[in-house]
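Have a look below at one chain only, the form predicted on its own, in structure tokens format.
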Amino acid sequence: MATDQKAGFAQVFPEYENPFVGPEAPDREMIQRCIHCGFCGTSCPTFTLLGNEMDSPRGRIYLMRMVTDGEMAPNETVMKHLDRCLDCRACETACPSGVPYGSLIEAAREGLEKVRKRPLSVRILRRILFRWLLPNRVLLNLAGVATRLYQTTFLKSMVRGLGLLPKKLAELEPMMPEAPPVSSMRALPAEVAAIGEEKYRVAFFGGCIQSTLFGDVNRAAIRALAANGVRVVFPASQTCCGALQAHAGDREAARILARENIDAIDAGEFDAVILAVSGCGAMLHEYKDLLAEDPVYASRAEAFSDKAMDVTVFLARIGVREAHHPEPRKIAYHHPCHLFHALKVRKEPLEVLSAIRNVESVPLNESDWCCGSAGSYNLTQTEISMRLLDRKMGHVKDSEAPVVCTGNPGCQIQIAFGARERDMDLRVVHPVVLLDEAYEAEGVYRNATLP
């Protein structure tokens, strides 16, 4: 079938290779599952903003089908509209037919990379970022240190004054989060004992960007787990999860990283593989699909994916210990897309927040609507991303909450940038950080050896 499709496509479009043929191509059966009912349209941020059918999930699936069947070339139109997808997976929540849109769009992007004519400089940059920088903790921390120096010394004003930043980078620079102190980038301890009786033993997955820019979140999560009777192990050879690579069409890099992580963490030895970063959590959960055709890793990937879960899910399941927060605050909760739509995690973060006494949750309109971060989307599709951010910040302002909680670093960076741009006094924080602060205030950690 694949050979016939390829030959037929070559006859109609001899200047193109059919990128949607082969075992890693968009699944034709899954494409056919779409009944074009249109329910996905009202949940799709890009279709809502742009009003173009090709910027809806239904329209994008139709483009995939046309290319797969040789009715349309993988031209700039196809690439533009598939590139505009946030991969937020809201359409999966709305779809009555159970179309696995996330796997379709990522497979399509992988295929389009075969025919896309990127400039050499962009190809080199993607390879450096996806294959070298993100998987290498040392290099990533060096980049974090360099960013910290740039932001806190004369270098920033000098570079700006001399106009040394390329125009595109100068436009994007305000989005850059404040790099944390170098001390927060240090490696996590190999193991942290439970406080009191040990009830569970888990592996902790730190994430690449998370470990460099949000190491305080990882440490808060580990302390909170210890306070709930959990021994936390940090396997040192773990690497980047591969999410950014998969979303950008380099799924081969994601497969390589998936195998490395499965080798680094024997999921069978632990009660769970825990993360405090929802984007990585969704990726780890999808290793079983990413490596489904791998004869060596398929079964191991399935076992690994079944054990991966967000820290709020694990705490909610075991019965999170309550505590009193020292500062009474109203908080609004923003659902990260991959936590809400891909992993179907909705109530657990709110249950963790409800365990923090003296903190009141207030409604946030469209709390499950994408903020526009979407991995690297705010860098590659900046105009659409900023329109989504404007919508999100309007709801944040209406909530009148001085604190927004969310479980993904991309969302934290995006919403914090939105607050800076609008001169809003807003704290953006992971739910587990508030829980950690409450435990600290109540003396739960007294005499314990913690990171």
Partner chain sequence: MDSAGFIQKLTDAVGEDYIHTDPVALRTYDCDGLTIYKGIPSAVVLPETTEEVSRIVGICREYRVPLIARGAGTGLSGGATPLPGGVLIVFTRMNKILELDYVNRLARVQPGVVNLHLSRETLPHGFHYAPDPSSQAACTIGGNTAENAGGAHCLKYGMTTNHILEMTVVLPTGEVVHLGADGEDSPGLDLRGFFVGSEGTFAVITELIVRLTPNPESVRTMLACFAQVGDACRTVSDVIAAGAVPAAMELMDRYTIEAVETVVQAGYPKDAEAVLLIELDGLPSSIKPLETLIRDISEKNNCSSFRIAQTEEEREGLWMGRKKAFGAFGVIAPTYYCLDGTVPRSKLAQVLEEFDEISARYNLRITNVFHAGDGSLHPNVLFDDRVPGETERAIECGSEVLRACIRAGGVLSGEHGIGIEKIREMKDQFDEPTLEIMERVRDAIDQDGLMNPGKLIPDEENVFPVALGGAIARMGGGMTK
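Since the model is a prediction, treat every value here as computed from it, not as a measurement. Numbering follows the first chain given and starts at 1.
There is another form of this protein, the form predicted together with its partner chain, and it is not shown here; the text below is about that form.
- Though the partner is left out of this view, R33 does reach within 4.5 Å of its partner chain in the predicted complex, counting heavy atoms only.
- The shortest heavy atom separation between T42 and its partner chain in the predicted complex is within 4.5 Å.
- Put simply, K347 is close to its partner chain in the predicted complex: some heavy atom of it is within 4.5 Å.
- Put simply, S103 is far from its partner chain in the predicted complex: not one heavy atom of it is within 4.5 Å.
- Checking T93, S184, S305, Q381 against its partner chain in the predicted complex, a heavy atom within 4.5 Å turns up for just one residue: T93.
- Note on contacts: among D289, E71, E360, E252, the single residue with a heavy atom within 4.5 Å of its partner chain in the predicted complex is E71.
- None of 230-238, 192-200, 120-128, 73-81 except one has non-hydrogen atoms within 4.5 angstroms of its partner chain in the predicted complex; the exception is 73-81.
- Contact residues in stretch 267-303 (any heavy atom within 4.5 Å of its partner chain, taken in the predicted complex) are absent; none meets the cut-off.
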